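As a starting point, one isolated chain is supplied in structure tokens, in the form predicted alone.
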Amino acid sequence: MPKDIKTPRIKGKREVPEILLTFTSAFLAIVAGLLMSFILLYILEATKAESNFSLPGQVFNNFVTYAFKDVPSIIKVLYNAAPLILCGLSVGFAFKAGLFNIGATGQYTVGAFFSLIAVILWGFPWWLAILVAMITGGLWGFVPGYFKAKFNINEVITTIMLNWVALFFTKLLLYNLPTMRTLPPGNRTDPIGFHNASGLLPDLGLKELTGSSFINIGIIIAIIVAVIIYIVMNKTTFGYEIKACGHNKEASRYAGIKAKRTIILTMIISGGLAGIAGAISFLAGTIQFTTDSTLLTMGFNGIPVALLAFSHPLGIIASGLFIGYLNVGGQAFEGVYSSEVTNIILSVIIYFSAFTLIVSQFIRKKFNRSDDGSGKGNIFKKITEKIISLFKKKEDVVIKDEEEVTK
């Protein structure tokens, strides 16, 4: 029997992994935001009558390390990150279908309020209250999805309008449900434990151990939901249909995808995710729903979380944790500079994250540039290939013989 014939091997065309593009772009946006904030501190110091230019460096160092100074601070980062991740998933999920769900704050509001009704008035346990929040948030997302699919009405307009409808609708209900607010002050809901201790998110017995009132299973729920959304987006037909509609709705319809149904379902799921975020925030028992006539900002904070992660579900976990870390670190500015510096840092990061597409195109262009004929090759490409090897092992493309191998 002759030896097996060895077939020639050639290298396939290498592509830059999407994870590398996402990480590089997000990293550059974060570095730019932190650098601009560092410069801003010096500008603020220069405006004082008696400037101390050693102070900005000390404050910035405290800002970077503040979230890691003790266990309660780390727990607070996780506490802040849980609803951020879910709101980021809400916005990012809609982004994948080519929709801009700026109404996550309205869906967050109705989800939070009805989860409290479920716990305080109906005596539901926490997990059932989360289900109620998901359903009500999904119904609030259904409205703009339906009008977008049936009448092509811009979802940005309808979601912005529904944000205010959600705000005043829940305030109206709160005013007319006195059993929700029997304890002073009368402009907010009662503490959940006063009516139904089973409505609070479990802390797994760690509250007394850590000495933090912010610990609960919210972050675990957020991560589980993110993994589920990742599986849906990348391992199911529905996820493929969502991304197809996001790239080109007309082409996807021509290919047999029911684009209208996909748009409506996407907005329902997006609203449901924001509703869960509302439940996670308020069932923690650390804050109470009030009658103040201002929009809750958590839904809007989901936009930078999604942008920073390129709407990747697993990347949203990291970006949510990072922005939660920034929010906790912002306490280092109190008493020295305005706490609004944190918002400025976040705004700069969002601004630079808008350039991530340009950065991605630049990397792809440099990576795919052919050798100049000098024999030196493209240095950028060689460096990038080394980085890629850390993410993925090289795969050989084998060309099969056209002739049958005989004995």
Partner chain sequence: TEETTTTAAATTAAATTAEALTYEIALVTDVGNIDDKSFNEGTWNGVVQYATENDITYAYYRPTEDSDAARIESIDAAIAAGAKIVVCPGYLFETAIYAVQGDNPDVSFLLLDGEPHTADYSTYETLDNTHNVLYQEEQAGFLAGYAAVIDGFRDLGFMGGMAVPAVVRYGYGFVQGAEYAANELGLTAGDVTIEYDYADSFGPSPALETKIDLWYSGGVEVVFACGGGLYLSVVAAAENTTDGKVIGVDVDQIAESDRIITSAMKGLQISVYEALTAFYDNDMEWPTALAGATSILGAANDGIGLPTATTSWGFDNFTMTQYDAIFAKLVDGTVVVSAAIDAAPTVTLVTVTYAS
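Numbering follows the first chain given and starts at 1. Predicted model, so just to flag it, every value in this text is computed and none were measured.
Although it is not shown, the form predicted together with its partner chain is what the next lines describe.
Trainee: Would residue 175 count as a contact of its partner chain in the predicted complex, using a 4.5 angstroms cut-off between non-hydrogen atoms?
Mentor: Result yes; residue 175 sits at the interface with its partner chain in the predicted complex.
Trainee: Is residue 312 one of the residues lying within 4.5 Å of its partner chain in the predicted complex, judged by heavy atom distances?
Mentor: Contact check for residue 312: no, nothing within 4.5 Å of its partner chain in the predicted complex.
Trainee: If you check in the predicted complex, is residue 325 within 4.5 Å of its partner chain, heavy atoms only?
Mentor: Residue-level check for residue 325: no, no contact with its partner chain.
Trainee: Mark residue 336 yes when one of its heavy atoms lies within 4.5 Å of a heavy atom of its partner chain in the predicted complex, and no otherwise.
Mentor: Although its partner chain is absent here, residue 336 would touch it in the predicted complex, with heavy atoms inside 4.5 Å.
Trainee: What is the one choice in 287, 204, 220, 121 with a heavy atom within 4.5 Å of its partner chain in the predicted complex?
Mentor: Exactly one listed residue reaches within 4.5 Å, namely 287.
Trainee: Only one of 195-203, 291-299, 130-138, 112-120 gets a heavy atom within 4.5 Å of its partner chain in the predicted complex; which is it?
Mentor: So the stretch in question is 291-299.
Trainee: Scan 193-227 and note down the residues that get a heavy atom within 4.5 Å of its partner chain in the predicted complex; none is a fine answer too.
Mentor: Read in sequence order, the residues that approach its partner chain (within 4.5 Å, in the predicted complex) are 194, 213, 214.
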